[in-house]
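Next up: a single chain in structure tokens, the form predicted on its own.
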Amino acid sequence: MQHFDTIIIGGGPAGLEAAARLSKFDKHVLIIEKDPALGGKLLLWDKLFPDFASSEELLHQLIENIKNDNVKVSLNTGIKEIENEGGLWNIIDNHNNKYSAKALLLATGFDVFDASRKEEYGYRIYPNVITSVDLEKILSGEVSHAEPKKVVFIQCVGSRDEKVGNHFCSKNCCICAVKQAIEVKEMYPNSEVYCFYMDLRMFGESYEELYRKAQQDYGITFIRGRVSEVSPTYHGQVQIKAEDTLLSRPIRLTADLVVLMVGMEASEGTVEIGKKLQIGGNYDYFKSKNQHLADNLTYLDGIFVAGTSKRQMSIPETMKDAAAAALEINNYLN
């Protein structure tokens, strides 16, 4: 049995930031990550909104911050058992290694909504219907794509949607679409870019300015409308049927590329641990003790939560929440 001050489950931005902060408090930390690399969903993105910062550089800095004797990392590691015994949390991983710690931080993050659940959009059926995650690979140059003449973004795929049971807003898709639409125009200057939205929620710093820039400097067209169907055309394009909800009239638009702005859901690991420890809340995210006063605590002594394992957050919000969790844990251990 190896003992640590804190075990962090999840090696994404929240887990890495919390580990770095706890190590500065001279606490011994173990990060358990199920994937073969650190970074979580940060690995899916090339540039970040709203300043087009490099996700690779951010991840590099986060990893550099945990390179010290106080932090140990275990990759490719799942959780078999979690139990409390005598005030310590004992964990057995999928390699049958045993660990214990007084504090356990759950930073298991989110999963990207599976767009194939929205059959009317034709994801995985029509090759020119992709998701915002797929588009990042094109924008980064990892995947090549023929130059499109007309690109259509569809917002709120898997968010604010009664049909799939997700009533919540994923918070990040609106500004992400603006960022990606600008990047598409920079990569393909002669293309026409349209963005269908329910309503645009530009709540963050510089979000509204970027939205204005997209329209004024890049000529991107934003249409408040609901897309009902995407279907193939004889010439290999796709046709979008929608309703312009401002003008109350139907629209048909033919496009070479459709980008579905997929939302966030509780990750598989979040759901599994939430059920095991009985700390699951709305939509299977972890439920904190008090969203206003004790948002990193749970009703279980020694169990803390951080980042998008609780709800939808941007990366800056996640980093601040992880820092707050580290402070709570340090106070708890002292």
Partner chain sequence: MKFGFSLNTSRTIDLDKLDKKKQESFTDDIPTFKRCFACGGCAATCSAQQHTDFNVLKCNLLFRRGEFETLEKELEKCMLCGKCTLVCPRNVNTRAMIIKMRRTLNTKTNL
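Numbering follows the first chain given and starts at 1. Note that the structure is predicted; figures quoted are calculated from it, not measured.
The form predicted in complex with the partner chain is left out here; the points below concern that form.
Asker: Within 4.5 Å, heavy atoms only: does H235 come near the partner chain in the predicted bound form?
Answerer: Heavy-atom contact with the partner chain at 4.5 Å: absent for H235.
Asker: Using a 4.5 Å heavy atom cut-off, state whether S144 contacts the partner chain in the predicted bound form.
Answerer: No.
Asker: Can you work out whether R249 and the partner chain are in contact in the predicted bound form, taking contact to mean some heavy atom pair no more than 4.5 Å apart?
Answerer: R249: yes, in contact with the partner chain in the predicted bound form.
Asker: Does N96 reach the partner chain in the predicted bound form if we count a contact as any heavy atom within 4.5 Å?
Answerer: Because no heavy atom of N96 falls inside 4.5 Å of the partner chain in the predicted bound form, the answer is no.
Asker: Pick from L88, L139, L253, V73: which residue has any heavy atom within 4.5 angstroms of the partner chain in the predicted bound form?
Answerer: Looking at the other structure, the residue within range turns out to be L253.
Asker: Consider the chain as shown here, without its partner, and state which of R160, R226, K150, K102 has a heavy atom within 4.5 Å of the partner chain in the predicted bound form.
Answerer: That would be K150.
Asker: Of the listed stretches (124-132, 108-116, 168-176, 189-197), which one has a non-hydrogen atom within 4.5 Å of the partner chain in the predicted bound form?
Answerer: Single hit among the candidates: 189-197.
Asker: Can you tell me which bits of 220-234 touch the partner chain in the predicted bound form, meaning any heavy atom within 4.5 Å?
Answerer: Sequence-ordered list: T221, F222, I223.
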